[in-house]
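Given as structure tokens, the chain that follows is alone and in the form predicted on its own.
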């Protein structure tokens, strides 16, 4: 925890927090959670210019906040054919604030920081990450959440400030000089013993709300997937899966994308865009010669579990599932990642999932 002159634990009232957001919105763009006007009870991350529009006590959003750094569709460059061809890259430079990020989504951003830093690094992700200051906020789980099983229910990295709701407003943890500088624009006070007790009560309440858990830790789960043969389970999940890709496109830690060149009518110029992609779509793995090395749905399902809990765990030392539950909520076939993972674990322990 990096701090300057201010004590690392502060308290800010809800009104003072909204006032602070109002001041920040006059200086730079702010993205945060807000209610969907067309779907009451659902929330999404969006650019906000009115602090009253922020909803800090939401349960989840349809799409994760990674879209602040990696939009679902993004123009990379424009080009004009010629000798030589003209290429103009498109970069946004303005700093912004991303507010209201839950621990599971903070952990996902940290996971993407690692993945996109792997050589060759993704310059665009790193550029957009440097533009942002992040304010996290703690939450209470619903029946789909299982982040505690993955050890990230108290994740804080890579936020600059982190808020926990307490009686006096928010208990504020300062994690960077940028966070402290931002907090200096608001009215806050040093946290006292009663505030610390409130935080402990909040954490206890949060732990008590989890009803979904994985039956193995991340390391054991990786070993189980590596040693077991779960062909029958993959076949069963595949028989229910529609291969719509909703699980991947709502995942905060998935990072695959596609790039396409879109020519204008003259066929002399156009734009290059990249868009979110999904390994569960049937044409994701098509290569030259029209060969599809994961054309079977069961292979795509198996790949999804192995990528979340095995391949990337071995490469980066952490699971690439954060237990947010978005994929289970979004699944049109009611496939629940926690239930199916526990089924795999159970099969292995009973000896029915051994190779």
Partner chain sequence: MPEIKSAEQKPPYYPSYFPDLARIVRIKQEVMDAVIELEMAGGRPLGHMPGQFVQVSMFGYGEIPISVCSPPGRAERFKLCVRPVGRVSKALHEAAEGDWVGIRGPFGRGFPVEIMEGRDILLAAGGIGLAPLRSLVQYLRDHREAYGRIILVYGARNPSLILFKEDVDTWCRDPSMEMYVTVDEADESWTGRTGVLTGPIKEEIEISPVQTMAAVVGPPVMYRFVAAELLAKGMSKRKIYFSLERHFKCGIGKCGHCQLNGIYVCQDGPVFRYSDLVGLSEAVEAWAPE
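The structure displayed is predicted, hence computed values, not measured ones. Under this definition, the rigid core comprises the largest set of C-alpha atoms superposing within 1.5 Å between the forms. Positions refer to the first chain, counted from 1.
A second form of this protein, the form predicted in complex with its partner chain, is not displayed here; the remarks below concern that form.
S.K.: Would all three of 69, 343 and 345 be in contact with its partner chain in the model of the complex, where contact means some heavy atom lies within 4.5 Å?
M.R.: Per the other structure, none of 69, 343 and 345 touch its partner chain.
S.K.: Which residue, 200, 282, 140, 259, has a heavy atom that falls within 4.5 Å of its partner chain in the model of the complex?
M.R.: After the contact test, the surviving option is 259.
S.K.: Considering non-hydrogen atoms and a 4.5 Å limit, which listed residue (244, 233, 76, 216) is close to its partner chain in the model of the complex?
M.R.: Among 244, 233, 76, 216, a heavy atom within 4.5 Å of its partner chain in the model of the complex occurs only for 76.
S.K.: Is there a heavy atom of residue 286 lying 4.5 Å or less from a heavy atom of its partner chain in the model of the complex?
M.R.: Residue 286 belongs to the contact set for its partner chain.
S.K.: Report whether the minimum heavy atom distance between residue 85 and its partner chain in the model of the complex is within 4.5 Å.
M.R.: Residue 85 belongs to the contact set for its partner chain.
S.K.: Taking heavy atoms only, is residue 116 within 4.5 angstroms of its partner chain in the model of the complex?
M.R.: Answer yes; at least one heavy atom of residue 116 falls within 4.5 Å of its partner chain in the model of the complex.
S.K.: Considering only heavy atoms, tell me if residue 96 and its partner chain come within 4.5 Å of each other in the model of the complex.
M.R.: Judged by the heavy-atom cut-off of 4.5 Å, residue 96 is well away from its partner chain in the model of the complex.
S.K.: Would you mind picking out the stretch of 30 to 38, 44 to 52, 323 to 331, 304 to 312 that comes within 4.5 angstroms of its partner chain in the model of the complex, counting non-hydrogen atoms?
M.R.: Looking at the partner contacts, the answer comes out as 304 to 312.
S.K.: Using a 4.5 Å heavy atom cutoff, which residues in 114 to 142 contact its partner chain in the model of the complex? It's fine if the answer is none.
M.R.: 115, 116, 118, 119, 120, 121, 122, 123, 124 sit within 4.5 Å of the partner.
S.K.: Taking 2 Å as the cut-off, check whether the CA of residue 81 shifts that much or more between this form and the one not shown after a rigid core fit.
M.R.: The answer is yes, as the C-alpha of residue 81 shifts between this form and the one not shown by 2 Å or more after core alignment.
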